[in-house]
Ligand code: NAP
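Quick setup: one chain, the form predicted on its own, written in structure tokens, and binding and motion questions come after.
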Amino acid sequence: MKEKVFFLGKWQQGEEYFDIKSPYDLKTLWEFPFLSSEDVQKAIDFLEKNKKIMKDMSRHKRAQILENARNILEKRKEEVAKTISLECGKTIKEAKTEVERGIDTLTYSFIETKSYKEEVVPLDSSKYGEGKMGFYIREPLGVVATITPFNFPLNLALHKIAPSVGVGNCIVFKPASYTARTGKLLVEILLEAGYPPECIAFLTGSGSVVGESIVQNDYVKAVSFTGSLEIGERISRIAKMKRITLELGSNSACVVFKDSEWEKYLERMVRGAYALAGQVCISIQRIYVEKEIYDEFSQRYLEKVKTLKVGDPLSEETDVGPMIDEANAIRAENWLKESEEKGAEILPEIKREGTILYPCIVKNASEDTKVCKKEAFAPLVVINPFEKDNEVIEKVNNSIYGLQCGVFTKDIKRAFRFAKEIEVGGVIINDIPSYRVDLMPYGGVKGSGIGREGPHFTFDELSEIKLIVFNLS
């Protein structure tokens, strides 16, 4: 089935198309247009001409669009969840959770639109401010770009798009090619909700053509991207004088001390490692366990891994589905083999069938192997022992990434020490690094990115402060 893109205020066919295949059975699901750099230029020129429509729209009307979108998504949640599951291989249970979180993100963005503050500046607190009154307002940037990944094709798009609506921006939206139809459904919902068709472009095609043309366009004033470190670095080099928000990769660690109630959280630690076949930025990839409990922890963790049901993502019984494509499954399989060659123990075994890599743990992996140093983005987790606090802090920080870290301990002083010394954007005490609710400031340091998401914080990223001063003397 040939799908359409949206720009110049209307749905349009393409001249060339690419296939989107199910990661599970490799059947073609639908086809989307390969757009050109000329198409991108025309689309953004059109948005630039119409940006005043959103800028002049009252705050309550922008809030109404978000509320309408929330209600429409609620009505279409089964359809959207099934599309997510088909396109990216996410289990239907996980896909339904993503839709619920998308509804939350729209709700928080609606609330923020209604309530974000424009404040008085007390100029007369300075002797040079006598007789002056100042205040600042927030204005939209104009045209902003949203470039999203395959793993959360709805909610991560909404984290960028919903605040853009709230502050009054025009939006150019490029979804991951793997999950273009979820993006199309989102655009349909926004248009039905009342977002002006003159103020949005939904563009599909290759990152090297469509993505780069968007990022380099002078009318685009901000780029919000979620994806790999390599692409994030490329964007930061070519974006020129733009605001950029980069939500990139990680190899998130979890530190488990013997004084913690780790048994209560074991199931959660397993789910945090293997959700979406491990293809989540804040998946647990490294677990460091205090030596005294290492053997017991590893054995009990493995027992739970063995109970995970692997298979068809559309089945309600499935816990782990396929990876996004076979090339990535083969890559992760090779990383496991490398760690095994360097002395690690892989349990229960290395097993791959096409795009499905079966969940496993990697015990006693060398810290210089890819499964420790890089982002695996696969259904595997390293479990290594440690003895001293200083030792494990050094191991956790020995990473080019720094997104989130979980620390399990009852020692409040230790918890505060780790919160201060771990080099990440978020430290989660007595829960997994995969913890995220959609209103918190989410983002990383080092190779994990620049900026923070969460509607309140994204409003700041995607708007501009304008100071206004009255001389009353």
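Residue numbers here begin at 1 and follow the sequence given. Keep in mind the model is a prediction, meaning the values are calculated, not measured.
Below: the form predicted in complex with the named molecule, not depicted.
Engineer: In the predicted bound form, does every one of S177, S208 and S228 come within 4.5 Å of the named molecule, counting any heavy atom?
Structural biologist: Every residue of the spot touches the named molecule in the predicted bound form.
Engineer: Please identify, from 362-370, 200-208, 266-274, 72-80, the stretch that has a heavy atom within 4.5 Å of the named molecule in the predicted bound form.
Structural biologist: Partner-contacting stretch among the options: 200-208.
Engineer: Hey, in the predicted bound form, is V215 touching the named molecule, heavy atoms inside 4.5 Å?
Structural biologist: Flag for V215 set to yes.
Engineer: Closest heavy atom of I235 to the named molecule in the predicted bound form, within 4.5 Å or not?
Structural biologist: Heavy-atom contact with the named molecule at 4.5 Å: present for I235.
Engineer: Does at least one non-hydrogen atom of E87 fall within 4.5 angstroms of the named molecule in the predicted bound form?
Structural biologist: Answer no; every heavy atom of E87 is more than 4.5 Å from the named molecule in the predicted bound form.
Engineer: At the 4.5 Å heavy atom threshold, is Y442 in contact with the named molecule in the predicted bound form?
Structural biologist: Taking the distances in the predicted bound form, the answer for Y442 is yes, it comes within 4.5 Å of the named molecule.
Engineer: Only one of Q285, N151, T182, S224 gets a heavy atom within 4.5 Å of the named molecule in the predicted bound form. Which one?
Structural biologist: After the contact test, the surviving option is N151.
Engineer: Check each of I161, L403, V381, A253 and return the one that places a heavy atom within 4.5 angstroms of the named molecule in the predicted bound form.
Structural biologist: Residue within 4.5 Å of the partner: L403.
Engineer: If you apply a 4.5 angstroms heavy atom cut-off, which residues in 375-406 are near the named molecule in the predicted bound form?
Structural biologist: Heavy-atom contacts within 4.5 Å come from E375, F377, L403.
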